[in-house]
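So this first bit is one chain, no partners, the form predicted on its own, shown in structure tokens.
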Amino acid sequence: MDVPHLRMFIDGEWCDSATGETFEVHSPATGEVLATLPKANREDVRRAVDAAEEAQPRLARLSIKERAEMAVRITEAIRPNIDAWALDLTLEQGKPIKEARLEVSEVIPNLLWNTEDLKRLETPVLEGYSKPEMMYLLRREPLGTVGVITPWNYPWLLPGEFVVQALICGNAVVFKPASATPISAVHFLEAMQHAGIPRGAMNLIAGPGPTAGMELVENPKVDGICFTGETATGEEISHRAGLKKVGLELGGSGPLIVLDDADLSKAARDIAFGCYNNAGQVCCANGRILVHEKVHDALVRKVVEESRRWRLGDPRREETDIGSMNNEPTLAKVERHLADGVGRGAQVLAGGRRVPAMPTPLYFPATVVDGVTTDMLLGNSETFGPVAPILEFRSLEQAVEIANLPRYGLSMAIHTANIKRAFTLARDLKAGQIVINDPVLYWDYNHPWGGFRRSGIGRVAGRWTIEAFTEIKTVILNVGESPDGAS
């Protein structure tokens, strides 16, 4: 079978790289080569940035109505392709087809929600204080040219939170997806082209982060950077971006805290979902399970039972719950964390080893590890795999200390029947969101999403996305004495 050659999208044209270099996209699920793509270098990125810079003033002059209608047309172009594009997503990422189908389809309501946020965007009019005759009219305007860099774990959902939203705010965009999962990005651009986006307003580049990505970060013509990915890369971007407006959604090691009065069956189901969905390759996965000593044994039994219900297999099959992991470095990290934990006294109660005789060596089952402590990598770092590391605590104070220790602060969860204790913990936990009686892995279209500390900068979702891609301009009007002295 011929391997398709896909292209980048620069200045309204599908194109190859300036050097002609390409790279292959391999399926983690089957091992086959899915496509080849151009390998962008810094020259290609500069060409995309120049095209965006030239197109941006024309885009910004479009009315909100015209930009909103453009977003609606993009959703209409996605809708008939959900099944086909979900299969491509499964093949390039490894997630089960039922997760992939949901991921592609959720882009549609997400875009429509933000389109309504744009329509209803309000800014205040303020009266002068030091000079009462002055009036301040606040308006939101686009940043200019925006670079969006997205990871491989959600190749549709994460671009679907940022790329079109930046566009409809009046920004021209250069979009760089992860090299492991660029096929979904090509499909997204196909939908945008079908919707009739202005020439040069949206550009897609494919290539390595250290070259193509960093050129986008460092380029002085880029006014804003939106990045989702690991914390170490986010820290490097923050150092290199200069005075650009930067939004960073970074890593997490989100604790799910189970108190002694919790519904243990519900907690066990939520633990399994938050640890094993997308094979645990989620920034807001249940990174650590903190269990009160009084209910530890009972909860561990239930979590082990739940882990056995998560079926590992070919992600193209509807009955599969966990497909392949996406890449060898991520799985090797999971194994390194497990080996460290076992070497320090933790016990693997379920899973814990690659499954042989699969199409690739990237299949890893739902895993439960008990006896984890804070000196283990499982207890103080982001593992990013289908693992439930269980730590025991004695008091609320100790639970808070353990939860906050790694200084990640994206999402945390509490399971309890006592609302007072829930809100006491919510006050003391350092995270962008605290979920009560649901998994750490929780997200919606309309609430502010983002982290504290090592988990990022800024907020998106709902109107916060529109605010992230715009700046405030103040127009000051003298409504009292006119310049010539007439009243």
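Start at 1 with the first residue shown and count on from there. Just so it is clear, the structure is predicted and the values come from calculations on it, not from any experiment.
Heads up, the form predicted together with nicotinamide-adenine-dinucleotide (NAD) isn't pictured, but that's what we're talking about next.
Q: Can you check 348-356, 268-276, 248-256, 371-379 and let me know which stretch has heavy atoms within 4.5 Å of nicotinamide-adenine-dinucleotide (NAD) in the predicted bound form?
A: Only one stretch qualifies here: 248-256.
Q: Just one of V163, C169, L391, I149 has a heavy atom within 4.5 Å of nicotinamide-adenine-dinucleotide (NAD) in the predicted bound form. Which one?
A: None of the others qualify; the residue that does is I149.
Q: Out of G409, G209, P159, G144, which one falls within 4.5 Å of nicotinamide-adenine-dinucleotide (NAD) in the predicted bound form, going by heavy atoms?
A: Partner contact (heavy atom, 4.5 Å) among the options: G209.
Q: Does nicotinamide-adenine-dinucleotide (NAD) come within 4.5 Å of a heavy atom in each of A178, G213 and F384 in the predicted bound form?
A: All of them do, each having a heavy atom within 4.5 Å of the partner.
Q: Against nicotinamide-adenine-dinucleotide (NAD) in the predicted bound form, would I237 count as a contact residue? Criterion: heavy atoms within 4.5 Å.
A: Yes - in the predicted bound form, heavy atoms of I237 and nicotinamide-adenine-dinucleotide (NAD) come within 4.5 Å of each other.
Q: Is it the case that E401, even though its partner is missing from this view, gets within 4.5 Å of nicotinamide-adenine-dinucleotide (NAD) in the predicted bound form, heavy atoms only?
A: Residue-level check for E401: no, no contact with nicotinamide-adenine-dinucleotide (NAD).
Q: Can you work out whether T367 and nicotinamide-adenine-dinucleotide (NAD) are in contact in the predicted bound form, taking contact to mean some heavy atom pair no more than 4.5 Å apart?
A: T367 lies outside the contact set for nicotinamide-adenine-dinucleotide (NAD).
Q: Just checking whether T233 would be counted as a contact of nicotinamide-adenine-dinucleotide (NAD) in the predicted bound form - the rule being heavy atoms within 4.5 angstroms.
A: Yes, contact at 4.5 Å.
Q: Looking at nicotinamide-adenine-dinucleotide (NAD) in the predicted bound form, which residues in 80-115 have at least one heavy atom within 4.5 Å of it?
A: Nothing in the stretch sits within 4.5 Å of the partner.
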